[in-house]
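In structure tokens, one chain follows: the form predicted alone.
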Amino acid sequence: MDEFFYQIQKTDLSKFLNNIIQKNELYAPIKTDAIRFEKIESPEKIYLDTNADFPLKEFFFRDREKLFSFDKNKIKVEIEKPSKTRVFFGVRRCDLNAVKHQDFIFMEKHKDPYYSAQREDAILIGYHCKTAPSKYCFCGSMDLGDHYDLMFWEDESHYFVHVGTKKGENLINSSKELFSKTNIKLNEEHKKIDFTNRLKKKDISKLQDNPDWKKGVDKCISCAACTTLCPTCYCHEIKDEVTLSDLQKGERLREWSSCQLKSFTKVAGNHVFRENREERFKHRIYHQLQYFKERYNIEMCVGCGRCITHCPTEIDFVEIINEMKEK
């Protein structure tokens, strides 16, 4: 796509979003008891002061998904698909990259029709952070790329908008009277977010046996809040649900799970592969920062900091790693 920016006045943003609502479903961050993406009918409800507490993951990789129903030897597969195109506005750079990573797992490495049905027609409109929305953000330490249909940069009286895909270009063209081209071109400076370069050690391969991990392990209660709110975690379990009245009829379900739960690695015979809490604690961090990258050459973690922000015992694993010394 072209590297130049479009421009739209702030006073025209509601008009643009209302145009989207006419033909699509619009989702944006709303502040109630928490900040989460919800379907909206009015742009006035949108909250952009900080990042959403909950990522977009649940809209594509759903927390509970019926894979098929069965009745004796008959299997019925019903893959649900949204009735309208869903447009997500106000998605931060970390979450845009998180969707890209989930796309990689569920659409490239493994062809998952359930994820694809939710994801294929969705349109992502990003919102660039001027500065870190949380003191725990460390997205500047991660290798984040450009993954959006449109991206908005806020200025004093207007937004600069960059087109990332044909879908994004079509949205611009559908409201072209609100946009004007500029001579400003996208560069690396536009992608920077101040105060987000928190993680100082990118290679933790030699820190596996460091005793400082205990600083986090001793505070961890294995509640799995970190993985539930993580925009890239994709751990799940598959189970069958039947009724006692007819054990040959039921549904096969996929549900979110967590590597932080002892039950996640429990197998027949009651053997648990990661019985020890320290093993589970380190596994999540190493998968995010080391293992996934070694296998796919992609950093799984996007540095959103939700796992730290919402940890009930306030475990800042980034700070723990930064203070570690190699033996």
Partner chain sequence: MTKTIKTNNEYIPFPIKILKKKNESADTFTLRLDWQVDHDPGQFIQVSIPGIGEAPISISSYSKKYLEISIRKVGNVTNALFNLKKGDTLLVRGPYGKGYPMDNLKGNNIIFIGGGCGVAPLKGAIEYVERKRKEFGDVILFIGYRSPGDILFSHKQKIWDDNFKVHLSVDTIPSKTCYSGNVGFITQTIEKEKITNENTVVFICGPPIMMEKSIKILKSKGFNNKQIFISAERLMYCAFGLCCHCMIQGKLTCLDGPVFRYDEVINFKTD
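Residue numbers count along the first chain shown, from 1. If you're wondering where the values come from, they're calculated on a predicted model, not measured in any experiment.
Keep in mind that the form predicted in complex with its partner chain is missing from the display, and what follows is about it.
Trainee: Counting non-hydrogen atoms within 4.5 angstroms of its partner chain in the predicted complex, say which of 114, 213, 179, 153 makes the cut.
Mentor: The residue from 114, 213, 179, 153 that makes the contact is 114.
Trainee: Which pick from 246, 237, 203, 194 sits with a heavy atom within 4.5 Å of its partner chain in the predicted complex?
Mentor: Filtering the options by heavy-atom distance leaves 237.
Trainee: Want to guess which of 71 to 79, 126 to 134, 218 to 226, 161 to 169 is within 4.5 Å of its partner chain in the predicted complex, heavy atoms only?
Mentor: Flagged stretch: 71 to 79.
Trainee: How about residue 118 - does it come within 4.5 Å of its partner chain in the predicted complex, if we only consider non-hydrogen atoms?
Mentor: Yes, residue 118 lies within 4.5 Å of its partner chain in the predicted complex.
Trainee: Tell me, yes or no, whether residue 242 is in contact with its partner chain in the predicted complex, where a contact means a heavy atom of each within 4.5 Å.
Mentor: The answer is yes: residue 242 has a heavy atom within 4.5 Å of its partner chain.
Trainee: Though only this chain appears here, would residue 209 touch its partner chain in the predicted complex if you measure heavy atom gaps against 4.5 Å?
Mentor: Residue 209: yes, in contact with its partner chain in the predicted complex.
Trainee: For residue 110, is any heavy atom within 4.5 Å of its partner chain in the predicted complex, or not?
Mentor: Flag for residue 110 set to yes.
Trainee: Non-hydrogen atoms within 4.5 angstroms of its partner chain in the predicted complex: do 16, 45 and 57 all have one?
Mentor: Per the other structure, none of 16, 45 and 57 touch its partner chain.
Trainee: Going by its partner chain in the predicted complex, which residues of 258 to 283 come within 4.5 Å of it through any heavy atom?
Mentor: Heavy-atom contacts within 4.5 Å come from 263, 264, 265, 266, 267, 268, 269, 273, 274, 279, 283.
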